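A single chain comes next, written as structure tokens; it is the form predicted alone.
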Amino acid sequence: MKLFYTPGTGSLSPHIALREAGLPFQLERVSLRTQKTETGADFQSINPHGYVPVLQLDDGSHLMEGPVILQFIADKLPDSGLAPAHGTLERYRLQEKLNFICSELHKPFASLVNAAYPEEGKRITRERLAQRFRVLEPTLEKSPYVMGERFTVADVYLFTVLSWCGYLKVDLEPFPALRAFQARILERPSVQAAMKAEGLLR
């Protein structure tokens, strides 16, 4: 498998998951500005949407959208415990969490990196993100992970999204449980290895 990635973006979450699962994979960096990969390939021909992550499977086909790729990786190695079994209520709970992170956290951050987006709109976005953080805070006050006592791909995704807060001036100071969660996940060897490979950690 090959993961098309851009450092510091949402592609960090499947990168971490691949390392967490111990699956063999290659990395190919993508310039979102030029829409070229590091080997000179036209990224638009790989993903017409023009964004990462994209996971190239062993048969040459491509899987897109972060939450889907995360579940695919988890299901490649069920014993990893990265996702509950298909058909269980817990699996639907995981999908519930992934959808929340994607729609209520990940997508709003996109407006904060848009230079054309007005400052008043960015202020409102930061307020809405704080509202969503207040929903998550009690869960992580009681449990080490999003799904409780079990580390899953939802934690990988949440960690990735929260890692943008400092750069985009989203205040995590009022949320000690979220900050503790970030520090806890950062300690995992898979997280450190992925971030070092992407040049995000020394």
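As the structure is a computational prediction, the values presented were derived from the model and not from experiment. From 1 onward, residues are counted along the sequence shown.
Keep in mind the form predicted together with a small molecule is missing from the figure; the text below concerns it.
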Taking 4.5 Å between heavy atoms as the contact cutoff, choose which of C102, L77, A130, L112 touches the small molecule in the model of the complex. C102
Pick the stretch from 175-183, 21-29, 8-16, 190-198 whose residues have a heavy atom within 4.5 Å of the small molecule in the model of the complex. 8-16
Considering only heavy atoms, tell me if K107 and the small molecule come within 4.5 Å of each other in the model of the complex. yes
Any of the heavy atoms of E65 lying within 4.5 Å of the small molecule in the model of the complex? yes
Contact of P138 with the small molecule in the model of the complex (heavy atom, 4.5 Å): no
Does any part of L70 reach within 4.5 Å of the small molecule in the model of the complex? Heavy atoms only, please. no
